[in-house]
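Below you will find one chain, with nothing else, as structure tokens; this is the form predicted on its own, and questions on how it binds or moves follow later.
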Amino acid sequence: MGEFKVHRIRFFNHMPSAIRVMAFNSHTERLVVARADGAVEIFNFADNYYQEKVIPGRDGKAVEALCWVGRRLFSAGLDGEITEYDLENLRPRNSMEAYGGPIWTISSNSQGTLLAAGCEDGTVKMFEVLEDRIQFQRNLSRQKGRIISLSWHPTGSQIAAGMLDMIKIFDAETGHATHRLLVERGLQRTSNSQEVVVWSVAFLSDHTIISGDSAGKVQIWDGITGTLVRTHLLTKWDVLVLAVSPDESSVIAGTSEGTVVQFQFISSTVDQQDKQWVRTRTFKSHSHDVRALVHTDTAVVSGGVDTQLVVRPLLDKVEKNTQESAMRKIIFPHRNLVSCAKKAGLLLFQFSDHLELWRLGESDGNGKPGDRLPVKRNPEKLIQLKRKGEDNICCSALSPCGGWLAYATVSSVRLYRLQLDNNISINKVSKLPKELNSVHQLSFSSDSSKLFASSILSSVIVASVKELECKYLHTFKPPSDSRQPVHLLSPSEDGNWLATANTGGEIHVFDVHKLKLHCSVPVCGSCPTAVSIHPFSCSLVSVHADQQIFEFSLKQKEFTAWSRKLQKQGMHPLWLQRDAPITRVTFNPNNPTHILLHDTSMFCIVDQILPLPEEKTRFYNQSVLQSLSLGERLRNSHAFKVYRNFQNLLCVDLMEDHSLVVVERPLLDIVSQLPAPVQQKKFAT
């Protein structure tokens, strides 16, 4: 398979941000996640939970609440504004001041015509949802305390509001409060003088109201009479969030202890006559506060301070021992945060508020496979570049020669010329083409003479870079009417081609010299997660969210024989069961038949000469395979060579000197930087 000198990099201190709130759109099967740094991420549950879109946040713009209204997405926060997002151009579309102080929660009625916002000044503000904006309609009767949580009755006739020490039920038509439900103060952590915060409420079709509060209680209320039906004491800490299943037969509650507790509306007797809400299951998927929950038809989705998005299927709703029954933990982004200057031996690390440029170290001598080579020169941080303005960085790129660096926010693009000889200098290119104003992805050509930038309406801008100048050349436009953002850019090594992929699943290849479309790859139905053009065979390799691999000949404009053979035989079940997407594809010039792939858990070399794995063939880690007998090795030898010797891979790329750069981010390093969890009594202590 060939040997590589490997640079194992562990100084990229990527730290995911805590999850604050989530919302699920059951019609499009999209989950939106807001993080503590203001970033908004959209996952496609219908496409193997792929993170297809990311809208970066900005300073002072933390998101406290999210809400889907049809296919439109709204958020609100403590800055007192309601923001609608442009999901095609990945930026806020417009914001509206609510004039009620900080906004703690927003919720829409099931008809999608009204949006309610709970404010610090004690008002519930109603907004009418129009075609292109929202418009203030009126206030419900003002209360003395802040509105923490809201939930509409499914008919839209009433709305429940969680406050301090109480829940108010409003008539949505008159705006008056019809019931006041007093929440008793806790018996454990909270004293009688402390107020109880109703963090979450749920209003069910049968007028049952379920609340979770800071005293650790989940309470069941009769919304018609305004009386308490039952109290469940879950924890001595807070119950922070509730979520209801679509059929209202199950409710889940997230606590500060990291547990998720399920309640089901079932009968406690054999005759099935008297149904009630019964505590049935407790899940321990998190180490810290569970701040956000979603209850789908088949799974519990949770997130919180430990930054992990956990999808836990309910085994009574899915078939056991299948891919659908496996629990998933999504920790790392499904996009590249590392750029490599292959010719210069440089790495660029992208953070939300700054960039770091590092020079790789050098080793002394050669060794046998598995040896640790002595370091002749340590890796060196050359530049730390803080972003300008309040908007977080959405994408960045480093030219292969190491002479250019570019990054973009939702509001601007910045390009720098680097000099890294004896005296390190960085000079900003002052004048950029006006076309470079809204950018989602950046990439340089292999000769570092051109900058490619994906822009609005699924277009790609081409600009030339020379000395301290950047000139606009052309805009590539898709042949289809797709408006989905281009999230992947892959220039060819010979500089002739540019492959682009958008979140609508389309892949287009453009001729860079003739500045026109060359061909389009047939749409397979799943979003591409990585694309790359082979430097010798002039074929495009694409990997998709459903783990399928395709090879498309740019000369013949059809799938290659190897690709057709792979699709005819089918991917191996163990390959399809992986829950992390491939995020990078590259090739080995010394072995043109080798395709190098990686996700966060493994690095794989696909040898197109070797036979494809049969269904019953095992996927051995290569270090384990080498320890087997010769006969066993031959029986389990196939095209997919998997290496699992690394921890949580963020980048695997091949440099010009044929050394392999492996950027790792061990999970323990992330856990060590989390705040201390709440103290919990352990067994026998």
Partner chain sequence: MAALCEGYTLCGLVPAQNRLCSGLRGIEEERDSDHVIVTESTRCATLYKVSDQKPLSSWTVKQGQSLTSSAVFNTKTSEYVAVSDNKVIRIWKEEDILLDKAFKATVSADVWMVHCPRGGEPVVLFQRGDVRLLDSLLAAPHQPVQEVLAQEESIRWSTSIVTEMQQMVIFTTELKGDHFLCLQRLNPNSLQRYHLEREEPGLSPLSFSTSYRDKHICLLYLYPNGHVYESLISVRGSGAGEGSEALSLPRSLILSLPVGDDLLEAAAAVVLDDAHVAVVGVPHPCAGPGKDFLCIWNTNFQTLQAGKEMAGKLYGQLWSYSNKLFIPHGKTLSVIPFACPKSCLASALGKLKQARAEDSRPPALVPSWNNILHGEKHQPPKTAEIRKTRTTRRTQSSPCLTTDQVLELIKTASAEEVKKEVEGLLTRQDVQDLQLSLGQLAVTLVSRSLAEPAFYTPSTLQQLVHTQCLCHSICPDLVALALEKKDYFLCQLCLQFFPDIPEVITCACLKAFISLPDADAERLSLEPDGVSFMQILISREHDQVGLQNGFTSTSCEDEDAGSGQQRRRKDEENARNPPEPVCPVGVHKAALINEVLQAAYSDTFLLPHLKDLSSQHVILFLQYLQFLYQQYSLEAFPQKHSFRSPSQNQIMDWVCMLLDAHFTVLVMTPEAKGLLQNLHRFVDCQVKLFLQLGKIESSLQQINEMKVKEDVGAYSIEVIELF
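Positions refer to the first chain, counted from 1. Rigid core (definition): largest C-alpha set, two forms, superposition within 1.5 Å. All values reported here derive from a predicted model rather than from experimental measurement.
The same protein also exists as the form predicted in complex with the partner chain; that form is not shown, yet it is the one meant from here on.
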Subject >> The single option of Arg35, Lys53, Lys641, Lys61 touching the partner chain in the model of the complex, heavy atom within 4.5 Å >> reply: Lys641
Original post:
What is the one choice in Glu614, Glu131, Asp206, Asp371 with a heavy atom within 4.5 Å of the partner chain in the model of the complex?
Top reply: Asp371
**OP:** Can you check 80-88, 99-107, 489-497, 600-608 and let me know which stretch has heavy atoms within 4.5 Å of the partner chain in the model of the complex?
**Re:** 600-608
**OP:** Could you confirm whether Gly226 comes within 4.5 Å of the partner chain in the model of the complex, counting heavy atoms only?
**Re:** no
Original post:
Would Ser363 count as a contact of the partner chain in the model of the complex, using a 4.5 angstroms cut-off between non-hydrogen atoms?
Top reply: yes
**OP:** Please run the contact check for Ile9 against the partner chain in the model of the complex: heavy atoms, 4.5 angstroms, yes or no?
**Re:** yes
Original post:
Is Phe619 close to the partner chain in the model of the complex, meaning a heavy atom pair under 4.5 Å apart or at it?
Top reply: no
**OP:** Indicate whether Val624 shows a C-alpha shift of 2 Å or more between this form and the one not shown, with the rigid core used for the fit.
**Re:** yes
Original post:
With both forms fit on the core, has Thr28 moved 2 Å or more by CA between this form and the one not shown?
Top reply: no
Original post:
When the two forms are laid on each other by their rigid core, does Arg635 show a Cα shift of 2 Å or more between this form and the one not shown?
Top reply: yes
Subject >> Direction of Cα pair change Asn591-Leu634 in the model of the complex, magnitude 3 angstroms or more >> reply: closer
Original post:
Since the CA distance of Asn591 and Ser629 differs by 3 Å or more in the model of the complex, is it closer or farther than in the form displayed?
Top reply: closer
